[in-house]
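There is one chain below, alone, in structure tokens, taken in the form predicted on its own.
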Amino acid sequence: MGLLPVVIVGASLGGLRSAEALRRSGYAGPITVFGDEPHAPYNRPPLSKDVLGGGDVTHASVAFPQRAATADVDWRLGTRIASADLERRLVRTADGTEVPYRALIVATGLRPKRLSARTEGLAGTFALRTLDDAGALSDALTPGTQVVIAGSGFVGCEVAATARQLGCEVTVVGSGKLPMLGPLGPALAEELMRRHEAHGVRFRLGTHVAEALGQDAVEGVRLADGSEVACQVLVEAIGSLHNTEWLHGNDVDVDQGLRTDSAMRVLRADGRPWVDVFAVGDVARFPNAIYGDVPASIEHWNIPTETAKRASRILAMQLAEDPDVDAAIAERFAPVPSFWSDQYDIHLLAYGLPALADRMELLAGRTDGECVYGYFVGARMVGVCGIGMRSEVMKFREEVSRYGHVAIGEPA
């Protein structure tokens, strides 16, 4: 038998960046990547924006370029990993094939929550996570179609903007007081809602979709307050679940994401690391030195790349028996979270975790135009977000990265 491969489970951004970073870190051995979808890695954020609205629902429109360094990677697409045995160092495909590994990188990410098992089989109901999801939803968003979006977070509001631009009648249902309130804070959330309403979006806030109506196809929804809203399309954007079920039965902590140390090594229940198992991206719950020692899953666009670089560097050093690996593991890991969103002609960019703040302050511009807000815990800036004014937002990135140890979830 030849050299066993590094197996990467998950063929999205985190999986691709892990393979690239392994090569960049000097690992020249075999790499095998498994992915549920038949598509090579592609960019997901445009699915709710350009892809959904432009009708260009093709893999080529969102595919990541493949670099020469990873041309020899064995991509096993359309192949689901059903289980793993970390003690025996192997994963099993859905057809029962066992694949042994030298090391394992978990990059399985998230999947959308659904309102109920019934909505998954009801025609006209959609969740948006994959390219195929976007294709199916795009076909349904025809002018005049009544659309209800369950969930008023970023995905829900991005889909709302796209659907309105396609001529649909749109109602957004959310349990909060304002859409996108957590990540934006009240001032920006209220302004974004105002702009959506100016485009004709209706909001039903402080409630949630309790039931989908219709026998074979959705005809409307019943809200928790007892009222009903007619629709032919229901989009479920109520949050996500971590794809960790295939790891059940192993000595790992999968509560709210797969727990790792700061080197991205997956931890056992007693806190000891599996030295040959790493997790990257949205599926990982890791300590970020900016926010103290409490592990957390940070579902921001740049995190798969940052964690993949971190994990792959450590793994490559371990496989090469580099004497400096312990020093590398001990290095401070402090990636600055970043997210962006496009809605109509609105371009949002943020750094840090604004949701931690106990107050926000207008730093530049006007709220009803282009503006930049800072987010603070006491005197410490924990986040910055702007509508437009990209260069101004970027000026605060370094300050956000060094503000001190305010733990995720710490009371304001």
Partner chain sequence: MLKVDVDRTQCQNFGQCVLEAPNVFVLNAKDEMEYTPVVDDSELENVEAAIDVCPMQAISLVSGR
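Small disclaimer: the values here were computed from a predicted structure and weren't measured. Numbering follows the first chain given and starts at 1.
One more form of this protein, predicted in complex with its partner chain, exists but is not displayed; see below.
Across the proposed site, Ala28, Thr70 and Trp274 without exception lack any heavy atom within 4.5 Å of its partner chain in the model of the complex. Considering its partner chain in the model of the complex, the lone stretch of 62 to 70, 32 to 40, 352 to 360, 375 to 383 in range is 62 to 70 [heavy atom distance within 4.5 Å]. Although the partner is absent from this view, Asp261 stays clear of its partner chain in the model of the complex, with no non-hydrogen atom inside 4.5 angstroms.
At the 4.5 Å threshold, heavy atoms of His242 stay clear of its partner chain in the model of the complex, well away from it. Within this chain, Gln232 is remote from the site of its partner chain in the model of the complex, having no heavy atom within 4.5 Å. Though the partner is left out of this view, Arg265 does not reach within 4.5 Å of its partner chain in the model of the complex, counting heavy atoms only. Think of it this way: in the model of the complex, its partner chain has a heavy atom of just one of Thr305, Thr119, Gln318, Asn288 within 4.5 Å, and the residue is Thr305. For the candidate set His300, His196, Arg164, Lys309, a heavy atom within 4.5 Å of its partner chain in the model of the complex is found for exactly one residue, namely Lys309. Along 321 to 356, a non-hydrogen atom within 4.5 Å of its partner chain in the model of the complex is carried by Ser338, Trp340, Asp342, Leu349, Tyr351, in order along the sequence.
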